[in-house]
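Take a look at this single chain in structure tokens; it is the form predicted on its own.
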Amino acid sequence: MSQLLERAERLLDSAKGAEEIEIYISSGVETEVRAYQGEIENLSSASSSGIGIRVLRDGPGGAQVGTAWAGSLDEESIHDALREARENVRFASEDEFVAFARPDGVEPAALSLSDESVLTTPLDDKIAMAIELERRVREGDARIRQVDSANYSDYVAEAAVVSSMGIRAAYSRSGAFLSVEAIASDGHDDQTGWGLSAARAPSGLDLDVAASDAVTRATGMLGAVKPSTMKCAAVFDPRTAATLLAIIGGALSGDAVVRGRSFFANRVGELVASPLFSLLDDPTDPRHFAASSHDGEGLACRRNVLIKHGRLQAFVYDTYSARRAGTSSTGSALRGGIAGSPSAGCRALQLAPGEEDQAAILRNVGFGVFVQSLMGVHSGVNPISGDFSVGVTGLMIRDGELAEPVRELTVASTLQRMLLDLCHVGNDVEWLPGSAAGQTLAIEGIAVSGS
């Protein structure tokens, strides 16, 4: 049994009378290395642990919940957090939908998501990877003027959730990452590009992939121009497609739906996307970096089909949003750390792969814009109305091939229209850090504003 789980369970004995207690304990170790000009510019290695406590008491108009947390697991800090949570109950509003999760009989998936080699790999090896990454980018092309940052990072994290309602859960996860940003110059123009390699452990990282990715993206944008305004197909590379899927996933949260903050509200059963579009949230898939056996409330994570062949099937719920919607939790509670309360959200989105690779999609599109980066997503996308207006950079597509680089473009549409106008889905799935995997997607008839 996990040591965190054992410790959390012992704390349940602190419950008094009719109150319910939920204990969330987490601990982690992380390393970050940044190389610059052949030397280490920044190095940090840190461990952290903490506890979040929620105390619930029923009242005539609903339950009240008091929350408190501590960034330490020493006995005094835990005692103080429990006392503060009890005090905070007195000031909480009664809410008929507030409740702690109860075991629902769904068995957790048997997942192995933590690699101990993250902890046993010598620090010198991690430093060497960051320095070597910078060297390969710097020497990868004569037009690389500077490597802005070359980074190695990793983590191992563990958490446990228990409650007086019978919840008992523990889970862990690790990750290792290489990232680098390069600046290319042709004497008239400077352009940046970044590369990435991600794995569960240092041994899974690929220096060549990260380095060549940054070099290709930076040098490929040299001489970029602002094209004329047009209406054409937009082809999103896997990284930008993952961003789109994450935005769509936010609108599929049961919390957003019950609060009237989703353009999908009241549309279950409707055709909301192209028949090519089948989206699921599957934290039980170990290929996803955000995979997990349990959600933030301690319920077993499960595979939730959200949109199938373009038709809206369901939303994801935690206990609170499910009670508001008159349904059951889908094991989709997210937790923003020890200080946060659970909320519903997608953890591991993935789109069912199509049958075409990226080259075939470009050939079939013929003419359009190949989108390699998005800017202003947070301000330019409205998940309530679906309005979408963001800046992009990338390459023109001419005669089915990638052509000249373009910048200072604005892509404008609505998420509703973009989903319906999806015309190609790639088979080139990339498992990326974050809440969504990505693959090449093509959307026809998008308005692109240039000069």
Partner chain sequence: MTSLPGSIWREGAVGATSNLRFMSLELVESDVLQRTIDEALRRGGEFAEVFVEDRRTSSAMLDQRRVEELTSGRDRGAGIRVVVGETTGFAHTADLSEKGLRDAATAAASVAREGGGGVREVALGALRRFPSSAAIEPGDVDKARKIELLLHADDVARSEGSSITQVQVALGDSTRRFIVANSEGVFASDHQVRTRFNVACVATGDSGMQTGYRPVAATRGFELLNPAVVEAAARGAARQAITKLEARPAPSGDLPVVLASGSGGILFHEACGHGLEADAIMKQASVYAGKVGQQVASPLVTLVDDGTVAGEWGYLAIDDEGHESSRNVLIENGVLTDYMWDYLRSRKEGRHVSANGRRQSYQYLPMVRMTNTYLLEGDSDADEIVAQTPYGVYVAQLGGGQVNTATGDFVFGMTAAFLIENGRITAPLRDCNLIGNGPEILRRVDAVAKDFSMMPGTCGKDGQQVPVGCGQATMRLSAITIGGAAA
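Numbering follows the first chain given and starts at 1. Not measured: the values here are computed from a predicted model.
Note that the form predicted together with its partner chain isn't included here; everything after this is about it.
Using a 4.5 Å heavy atom cutoff, none of Ala142, Phe315 and Glu355 lies near its partner chain in the predicted complex. Exactly one of the stretches 235 to 243, 99 to 107, 258 to 266, 199 to 207 approaches its partner chain in the predicted complex with heavy atoms within 4.5 Å, and it is 258 to 266. This chain lacks the partner; the member of Ser185, Thr192, Thr216, Ser117 within 4.5 angstroms of its partner chain in the predicted complex by a non-hydrogen atom is Thr192. Checking Leu56, Leu419, Ala70, Ile397 against its partner chain in the predicted complex, a heavy atom within 4.5 Å turns up for just one residue: Ala70. In the predicted complex, at least one heavy atom of Arg83 sits within 4.5 Å of a heavy atom of its partner chain. At the 4.5 Å threshold, heavy atoms of Met165 stay clear of its partner chain in the predicted complex, well away from it.
Not displayed here, its partner chain is kept clear of Pro405 by more than 4.5 Å at the level of heavy atoms in the predicted complex.
The shortest heavy atom separation between Ser341 and its partner chain in the predicted complex is within 4.5 Å. For the partner-free chain shown, nothing in 272 to 301 comes within 4.5 angstroms of its partner chain in the predicted complex, judged by any non-hydrogen atom.
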